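Shown below, as structure tokens, is a lone chain in the form predicted on its own; questions about how it binds or moves come after it.
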Amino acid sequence: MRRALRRIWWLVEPIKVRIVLGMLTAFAATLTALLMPQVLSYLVNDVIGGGAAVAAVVIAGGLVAVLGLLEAVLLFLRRVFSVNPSTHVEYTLRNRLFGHLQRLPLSFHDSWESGQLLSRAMPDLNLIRRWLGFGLIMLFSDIVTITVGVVLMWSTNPVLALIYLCGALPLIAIVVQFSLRFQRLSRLGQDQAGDLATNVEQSVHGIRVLKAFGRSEHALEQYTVHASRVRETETRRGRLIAVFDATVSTLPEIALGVVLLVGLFQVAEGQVSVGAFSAFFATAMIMSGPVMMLGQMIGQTAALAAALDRHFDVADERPSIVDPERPAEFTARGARGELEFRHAAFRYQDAREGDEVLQDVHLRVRQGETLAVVGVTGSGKSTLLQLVPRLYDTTAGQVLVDGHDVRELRLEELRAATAVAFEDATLFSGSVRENVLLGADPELDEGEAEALLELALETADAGFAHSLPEGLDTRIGEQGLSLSGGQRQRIALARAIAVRPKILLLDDPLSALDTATEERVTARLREVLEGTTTLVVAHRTSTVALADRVVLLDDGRVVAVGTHAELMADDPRYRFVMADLQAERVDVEQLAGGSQRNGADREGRGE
């Protein structure tokens, strides 16, 4: 907890002047409130007790009113000084965290659940903002009120002050124990809330699968388990707060009762004046509020420590894929598109030594060449493509673009020179236009962007977008689930084309299309992106046949390179892979054809 709270000063640094002003106004408001009992003492002893004139009574009453008004103004200023800056801190932290998540490598995102990241970006930062805007000032105000109040009480009547302190001192041990337990429960609750968010997100994204398999009730049962855990933890936190608040309220109240009895005895014996006793008791009553609030503020501080720990779990992660200190002279616009893998090897972060996905890959792709990558499932085809834009970095060897190791290039320029279309097309909640132009040159004017958009859609055979309800401005829903699989793939391919890349990486992006459409799109690609180096993972013989050359991967190694015709004639392993791919394609087409025939038969029978 102490480690987390030390980092508060880093958060407060940009707004420290406003926070200090908030603390000063809180201090002034506290002194103003504590002056009122002293005025009360004067009223009781010197004005009321002395038979003073009406004017003196009015003056004393007016003084109390002025102090009350001054306290209200100071409390307003405290809010003004603290609330707006705290929202700025939340805004800055949220943007910084999102930017940091964008820079972290895929290996990080592979190991983190999205719900945990979402809970750190939203409720955790919200809690930090509330503490900076309210909790910190109130904690300071409560401590100052209690400290100054004890001093005033001691100066008024040391005996009564000692009795009051004897009832309050045990609270120190109770507060320490409470803060430790509350922090543990807060961290547990926040982690469980992250798991719950992950469960909701996965269920929403996978709603079609759940419905198709009739697993909605099962999903509800899983959600109920996560929700029950959150509820149980929140209930435990509520009980802990209830016990703490009851204890914090009871001990000072008992002490105050004893103080009242002893004080009345002292007044009766003439040991203390009625005014002094009234001032003492009024001061004690003013302190009762901060004493009770102190528990809430300490609990909020413990929750803050848990939120800070969770935030810095992510914020402290260092990106492993970063720009070099001295980047090579390379720009996306000036790139030629020559590509080379030089003894490249790769192993995933959580894999054991020796479990390489790629091993000693040595391969050269000429400028403007289309190279098809084939192999059985698990041979490392998709991973090979992801090494080029540094979605992952090689664990050995090099990947070179135009003779430069990609690790020597600025990420922005490298990724501006490449474009990727994945088999699993990921689209964003937005319009067709926004999705296609996502990676396009932002410096294009409106006319150039529109022409590029039309060219990309035409090349990807995605003209269907014009017939959507609102044309190219139709919002296609989260992950594009309002479109068919083939439509999503064509929009994703159009997005890659709109980049006008020097190197195009296609990870079987047309698997959902029929053979005729795929051949038409592939031929159009070669025409529109003439001079673009293309690396395409192929699962169809038609795609392979259109490539300039083919590379065969087997268990992460390059085992053959040549034209389709050469490899079919000379390499039995290649013929086996091609036969296997062809068999899979025939099975799929027969299944699709059978479904169509069955549908036609049913329609003919009037079913």
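For every residue, the number given is its place in the sequence shown, counted from 1. The structure presented is a predicted model; accordingly, all values stated were derived computationally and were not measured.
As for the form predicted in complex with a small molecule, it is not shown, yet the points below apply to it.
A.B. asks: With heavy atoms only and a cut-off of 4.5 Å, decide whether residue 360 touches the small molecule in the predicted complex.
C.D. replies: Although the small molecule is absent here, residue 360 would stay clear of it in the predicted complex, with no heavy atoms inside 4.5 Å.
A.B. asks: Determine whether any heavy atom of residue 110 comes within 4.5 Å of a heavy atom of the small molecule in the predicted complex, and answer yes or no.
C.D. replies: Contact check for residue 110: yes, within 4.5 Å of the small molecule in the predicted complex.
A.B. asks: Report whether the minimum heavy atom distance between residue 392 and the small molecule in the predicted complex is within 4.5 Å.
C.D. replies: Residue 392: yes, in contact with the small molecule in the predicted complex.
A.B. asks: Within 4.5 Å, heavy atoms only: does residue 377 come near the small molecule in the predicted complex?
C.D. replies: Residue-level check for residue 377: yes, a contact with the small molecule.
A.B. asks: Which single stretch, out of 380-388, 290-298, 335-343, 198-206, brings residue heavy atoms within 4.5 Å of the small molecule in the predicted complex?
C.D. replies: Looking at the other structure, the answer is 380-388.
A.B. asks: Which of these residues, 312, 422, 348, 140, gets a heavy atom within 4.5 Å of the small molecule in the predicted complex?
C.D. replies: None of the others qualify; the residue that does is 348.
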